[in-house]
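We give structure tokens for two forms of one protein chain below, kept apart as structure 1 and structure 2.
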Structure 1
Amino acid sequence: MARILITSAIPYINGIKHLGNLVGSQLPADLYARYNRMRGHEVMFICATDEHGTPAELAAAKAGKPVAEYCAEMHGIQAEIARGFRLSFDHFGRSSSERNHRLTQHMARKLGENGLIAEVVEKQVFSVADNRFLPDRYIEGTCPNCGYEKARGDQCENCTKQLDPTDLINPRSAVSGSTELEVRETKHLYLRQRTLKEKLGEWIDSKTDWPVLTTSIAKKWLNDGEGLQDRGITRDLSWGVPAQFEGAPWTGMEGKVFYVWFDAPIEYIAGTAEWADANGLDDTAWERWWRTDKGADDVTYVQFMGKDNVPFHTLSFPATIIGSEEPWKLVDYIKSFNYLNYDGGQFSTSQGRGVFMDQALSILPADYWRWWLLSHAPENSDSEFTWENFQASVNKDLADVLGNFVSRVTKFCRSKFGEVIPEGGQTDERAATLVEELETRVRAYEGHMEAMEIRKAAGELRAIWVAGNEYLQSAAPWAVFKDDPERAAAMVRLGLNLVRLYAVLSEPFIPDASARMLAAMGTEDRTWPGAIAEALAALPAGHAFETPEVLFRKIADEEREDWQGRFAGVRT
């Protein structure tokens, strides 16, 4: 039994995430966690909300609420939606937790003691009306290059020219529109990543099995231009982890907080501590997942994230861990994803374009989305959601191939033998052929799941479902029944056992349907199949079952057209 630590990139607090966010981190992480639990491994699966930073403060202000209250509320909403999608976190924490405050400050202090923090005085734009320093992109003005009037301080989206906020003509605050802007001096702490460049480079080079997407982004940041740069890890904000605390080896940081990207990954650790707290366990319970001096030596740590998160997980966070010179567990494998696009364009939170997690669940149950998203996960390149494709995949794969298989087996048995696994008869060579095929396919499925080849795993699982229909078609128990009911009984017994086997194999993808299939078969036996022949004998003759309601309903053309129109425009 292995011990596997899994973290999903933590979703930002300001609003409900769309399906692209879901499929880029939380959903594949959940798939992997569920699979490993099914295989009997000890799994710790942690996620949280990422609650600090300028956008959170602005979103709270817009909602007319204190930021702490706003975040608490949004955390509750996101947690509820995560449950709706059956995301099986062992704990869904908060980066604003007391645990994360303490651990973030601890890390900063260690880094300071190890000479890895520099104090830097720099100039930043301050908005008097907003009473806050503005990040570059929150300053708008006319582009000096192309004349576009809504250019941002970091870059003009019209001509793509890189800008400095002071380049802008008629600069104004993107928050309030105020033009009362001043350049002020402010002191910040910098993490001296340059010092760690060599160690980080060696570490990345040792990860030869990581996805190209992951290592190429890391290497680019490490080696491009002047190489890895030191990075500011504090901000002039009020909501966050205070950068000044008892024993901190620096002064003059009053009223400043750590940068959200400094404290967010630390929340993976703090979130595990929150898990221990929530379950009444002491520190040793979470430290055995994270401290290699306290039992985490045999842990395999896998992170899931969208490609935009990669630099922070390959460089900044490891710099924090390595720089602390404490025995924290470093990540073993990073699975990164490209983006999911929506019907020819991008999902857009600001424009309300695309399907958001709450809307998705209001239309169809979680399994429908889980299946489509996972079987189309953007592993190698950006992929695209279209309603036609969604409808076709769900109807064919879930309703016709799997759902109808369960339906035809159970209903045939009910009408000929009653709702009990029938006895008697022998299976023939067709059954042997099926067992042989499943043996190969199940092992291939396991291989893909272990390698986190999600689309390939989905394809293999589907082929396993199809094999059941092929068997029934060639065995034709409905014809055999007419003059040899016992032989038909053996075929049906096999078919009903296939339903149980499919429930077990499919659990990571479609947990609700899996549970319904097991319930219908009247069993709680979720044993992962070793030898297929044995697994197909789990339900003995005489065992009672129930004929389930339709497992997956089909999506009608009119529904699809309705949804297509509903999610094209601006969210109301």
Structure 2
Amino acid sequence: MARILITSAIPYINGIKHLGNLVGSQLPADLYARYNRMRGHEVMFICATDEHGTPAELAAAKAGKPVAEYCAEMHGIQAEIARGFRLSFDHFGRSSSERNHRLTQHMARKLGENGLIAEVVEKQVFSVADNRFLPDRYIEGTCPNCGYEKARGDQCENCTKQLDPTDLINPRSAVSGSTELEVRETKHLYLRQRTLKEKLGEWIDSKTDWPVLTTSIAKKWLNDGEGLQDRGITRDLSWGVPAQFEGAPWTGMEGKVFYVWFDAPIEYIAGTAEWADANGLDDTAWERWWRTDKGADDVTYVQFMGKDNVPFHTLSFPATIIGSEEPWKLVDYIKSFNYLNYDGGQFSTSQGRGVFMDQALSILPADYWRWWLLSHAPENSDSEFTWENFQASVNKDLADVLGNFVSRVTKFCRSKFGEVIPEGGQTDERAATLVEELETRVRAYEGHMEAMEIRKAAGELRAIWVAGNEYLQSAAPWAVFKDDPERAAAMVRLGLNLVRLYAVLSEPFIPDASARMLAAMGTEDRTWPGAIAEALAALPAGHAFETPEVLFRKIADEEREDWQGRFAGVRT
């Protein structure tokens, strides 16, 4: 039994996330967690809401609520939606937790004591109208690179170019819209990443199995241009982890908090501590996952994230861990994703474009979305959600292939043998060929899941479903029954055992349908298949079952057209 630590990039608190966010981190992480649990491994799956920084303050102001109240409310909403999508977190924490405050300050103190924090006086934009320094994201203007008029002071969402606030044309305050801006001096703490460049480079080079997307982004930030830069880790904000605290090896940082990208990844560790607290466990319970001196040396740590988060997880967060000179667990594998685009454009939380997670669940159950998103995951390039493709995939894969198989075999058995697995007869050469094919395909499926090749895994799973349909169509027990009921019984017995096998294999992708199939088969046997011939004899003759309702319904053209129209606009 392996021990596998899984973290998903933690979503910002500022509103409900869209489907692109879901497939870029949380959903594939859930797939991997579910699969490894089913294989008998010990899994710790952690996520949280990212509650500090500019987006939280702006969203709270827009909602007319105190930021702490807003964050608590949105955490509850995001947690409920996560449950709706069956995301199987062991804990869904909060970066504003007391645990994360203490651990972030601890990390900062260790970095300071190790000479890796510099105090830097820099020039920053000050809004006279708002009487405050404006963090990068509080400043909007025209991008000098592409001309987009709503570029932020840290990055242009349109062309993705990294920016400084002073790069913007016609800058204005995102708080008040005022253009009465000045550049003033302020002091901040910087993480001296450049001094760790060699160690980070050696560590990245050692990860020869990482996806090309992950490694290429990491090395670009490490080496291109002037290479890895020291990075500011404080901001002039009131909401966040205070940068001045008892025991801090610096002074004069009152009124400042740690930058959200410093404290957010630390929440992976703090969130595991929150899990221990919530379950009445002591610190050894979470330290065995994170401290290599307390049991974490045998843990495999896997992170899931969109490509925009890769620089922080391959450089900044590891710099914090390495720089602390404490025995914290470093990530072993980073599974990164490209972007999922929406119907000819881009999903955008800030612009409200696309289908959002709550809207998706109001239309169809989670499994429909889980299947489409995972089978179209943007692993090697950007992919695009279109309503036509979604409809075709649901109707063909889920309704026509899997759902149709379950319906045909259970209804035929009920009509000829009753709702009990029939006895008698022997399977023929056709069944032996099916077992041989499934043996090969199930082992290939396992290999893709272990390698986190998500689209390939989905393709193999679908092929496993297809094989059962082809067997049933070829064997044609409804025709055989007329002359040889016992031989038809053997075919049906195999088919009903296939339903149980499909339920087990499909659980990581479509957990609700899996549970319904197992319930229909009257079994709680979720044993992962070893030899396929044995797995297809798990339910014996005489075992009772129930004929399930329609497993997946088809999407009608009228529905698709209605949804296309409803979600063509902008969510406010």
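Because the structure is a prediction, the values reported are computed rather than measured. By rigid core we mean the largest C-alpha set that fits within 1.5 Å across both forms. Residue numbering: structure 1 sequence, from 1.
Two forms of the same chain are shown on their own. Structure 2 is the form predicted alone. After superposition on the rigid core, the Cα atom of Asp167 is displaced by 2 Å or more between the two structures. A displacement of 2 angstroms or greater separates the C-alpha positions of Gly141 between the two structures, with the rigid core held in common. 25 degrees is the angle through which the smaller rigid part turns against the larger between the two structures, based on C-alpha superpositions.
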